[in-house]
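The chain below stands alone, shown as structure tokens; this is the form predicted alone.
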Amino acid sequence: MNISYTSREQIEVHRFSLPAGILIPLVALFLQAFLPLRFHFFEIFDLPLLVTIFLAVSRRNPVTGLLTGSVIGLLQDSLTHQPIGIYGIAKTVVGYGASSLGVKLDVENSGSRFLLVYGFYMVHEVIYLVVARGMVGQNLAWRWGHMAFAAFANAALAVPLFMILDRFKQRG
């Protein structure tokens, strides 16, 4: 009888079916593009970022997280009037970081999910501002109070959203 050791990282790695892996980000991008037009308060949320974080921590593969973040970010860039690549760069870094950190943390816990999203929202915004100001030359203001509130709102939305998206996970 052979006994093999399976580490925690190997047990909790998840994958998604091809339709779910494509449709979840597309629905998030669609909602992000059109909901703020009708409901202005929705501008504070960044659904593509939340989906990037969810997929990255679920898959626990830094390369996959990096690619997921870059594709979602570039698609989001294509739907805005901003230069192509700003969201792409920010979400690439977040995807890589979230998947790398997901290997080390319990990402099934609501509290850790809240803190994870809060932190990565702030990282995303700082990277976005640095790239937009430094590389593109946009004149954006550093609104820390607004960013902290938006990070809190996104983290609060992420907890129930991640519970819904958990239904699409498959064992890897």
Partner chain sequence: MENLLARHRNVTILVVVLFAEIVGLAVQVKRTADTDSTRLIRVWTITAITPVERGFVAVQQGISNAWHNYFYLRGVRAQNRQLQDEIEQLRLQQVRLSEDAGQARRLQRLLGFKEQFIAKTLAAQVVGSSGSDMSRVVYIDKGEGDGVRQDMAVITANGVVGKILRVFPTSSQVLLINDPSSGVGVILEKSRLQGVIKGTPNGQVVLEKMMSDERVEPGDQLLTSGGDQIFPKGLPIGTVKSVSAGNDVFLKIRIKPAAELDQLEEVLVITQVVERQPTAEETQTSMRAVDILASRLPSVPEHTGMPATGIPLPVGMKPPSAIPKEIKNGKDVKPGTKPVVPGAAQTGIAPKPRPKPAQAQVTGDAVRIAPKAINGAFPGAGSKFAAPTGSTGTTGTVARKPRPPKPAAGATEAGIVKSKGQAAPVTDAAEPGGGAAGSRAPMPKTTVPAKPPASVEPNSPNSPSAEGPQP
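Keep in mind that what you see is a predicted model, and the values were worked out from it rather than measured. Positions refer to the first chain, counted from 1.
Omitted here: the form predicted in complex with the partner chain. The next part is about that form.
Not one of I22, R167 and Q170 places a heavy atom within 4.5 Å of the partner chain in the model of the complex. By the criterion of a heavy atom within 4.5 Å, F34 is counted among the residues contacting the partner chain in the model of the complex. A residue is said to contact a partner when one of its heavy atoms sits within 4.5 Å of a partner heavy atom; H40 meets this definition for the partner chain in the model of the complex. When contacts are judged by a 4.5 Å heavy atom cut-off, L66 counts as touching the partner chain in the model of the complex. Using a 4.5 angstroms limit between non-hydrogen atoms, F30 touches the partner chain in the model of the complex. Contact residues in stretch 67 to 90 (any heavy atom within 4.5 Å of the partner chain, taken in the model of the complex) are L67, S70, L74, L75, D77, S78, L79, T80, H81, Q82, P83, I84, G85, I86, Y87, G88, I89.
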